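A single chain, nothing else alongside it, follows as structure tokens in the form predicted alone.
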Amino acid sequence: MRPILLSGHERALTQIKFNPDGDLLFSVSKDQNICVWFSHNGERLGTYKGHQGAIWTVDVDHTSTFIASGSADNTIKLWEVKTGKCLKTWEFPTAVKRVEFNEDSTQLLGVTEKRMGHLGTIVVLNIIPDVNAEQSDEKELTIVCDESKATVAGWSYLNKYIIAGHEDGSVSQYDAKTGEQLDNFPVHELGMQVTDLQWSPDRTYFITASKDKTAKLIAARDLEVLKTYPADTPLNSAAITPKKDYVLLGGGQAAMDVTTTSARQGKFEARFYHKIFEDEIGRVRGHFGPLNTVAADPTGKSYASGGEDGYVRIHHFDKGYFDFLYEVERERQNQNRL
């Protein structure tokens, strides 16, 4: 798999996101720019400029009309994908660490930072799916995380729940209409923050990554841990690949925590695990620093990673990836043919 190297950012990547068709890749970094790329050849389509601080998060709606971004400048911005125009800015008392549209893109959630006397919150904003509409300033819902601040959050299937990962390693389930907390489980080691949360295609289950060196597959309905993928390095990001039963993990020891920094030492590789059997099946090298964010293309043809080194790498899977089968999978395939 020869990677396509995207060098449009001057600082560390914070999040990357494919659009639902898989033909565009959005990337944000600490350099205050949002870039959009064609995923098949890595050509840059454009940049969205307007934030005054590091951008922590980006998401794209289900029709690729809007993107939303959250930044250290204490704002969420809504942009028109096609023109690059900023349509709306919402202001908050602290930095915004995560944004995500719900399934039909009628609402957007934001996770705000706990700072200077302000508790961390999860806010929900209503979105009018029209680029000419005047978006409302009102917050539809504010969930205050008084126990442990939320670091990541997202919408489950049918917009039923908001699921959040916390700084203390726990995962919470909230009623998406009322904001009431229904459940909270210590999924990861105590005090080891949840660094990422990404959904399965139907949003019935999700994967979390954590500083405790594990990723976990969890059911949205009851927060039951279905699978655990142990790694040998703190994890920053995890994604579920469509089409094949794999999960993809990215992480690495931060430079300041590594006594001898060689790429080998820091373990800067994208790791693939079998989703069902929990075995590690392969690694892809390339970054010169920790992988801060990984994303699987919704069509199943490729994946991308963004690193502390400022690069985004897109890998298109080769034939070997699609042909690889475990013994039991091969048997099942043969039975289906009979």
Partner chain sequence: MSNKQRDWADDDDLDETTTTELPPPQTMQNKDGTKTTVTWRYNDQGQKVKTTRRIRLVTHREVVDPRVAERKTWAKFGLSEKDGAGPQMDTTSVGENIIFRLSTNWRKDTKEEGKDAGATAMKEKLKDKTVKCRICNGEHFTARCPYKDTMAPVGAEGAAGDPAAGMGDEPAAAGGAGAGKKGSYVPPALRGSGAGAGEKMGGKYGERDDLATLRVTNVSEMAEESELRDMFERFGRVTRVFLAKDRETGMAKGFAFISFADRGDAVKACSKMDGYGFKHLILRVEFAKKAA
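Numbering follows the first chain given and starts at 1. Quick caveat: nothing in here was measured; it's all calculated off a predicted structure.
In what follows, reference is made to the form predicted together with its partner chain, a form of this protein that is not presented.
Residues I4, R283 and H315 are all found to lie within 4.5 Å of its partner chain in the predicted complex, as judged by heavy atom distances. By the criterion of a heavy atom within 4.5 Å, R330 is counted among the residues contacting its partner chain in the predicted complex.
Shown alone here, S136 lies farther than 4.5 Å from its partner chain in the predicted complex, counting heavy atoms only. The closest non-hydrogen atom of G84 lies within 4.5 Å of its partner chain in the predicted complex.
For Q52, no non-hydrogen atom is located within 4.5 Å of its partner chain in the predicted complex, even though that partner is not displayed. Taking a 4.5 Å heavy atom cutoff to its partner chain in the predicted complex, none of the residues in 168 to 182 make contact.
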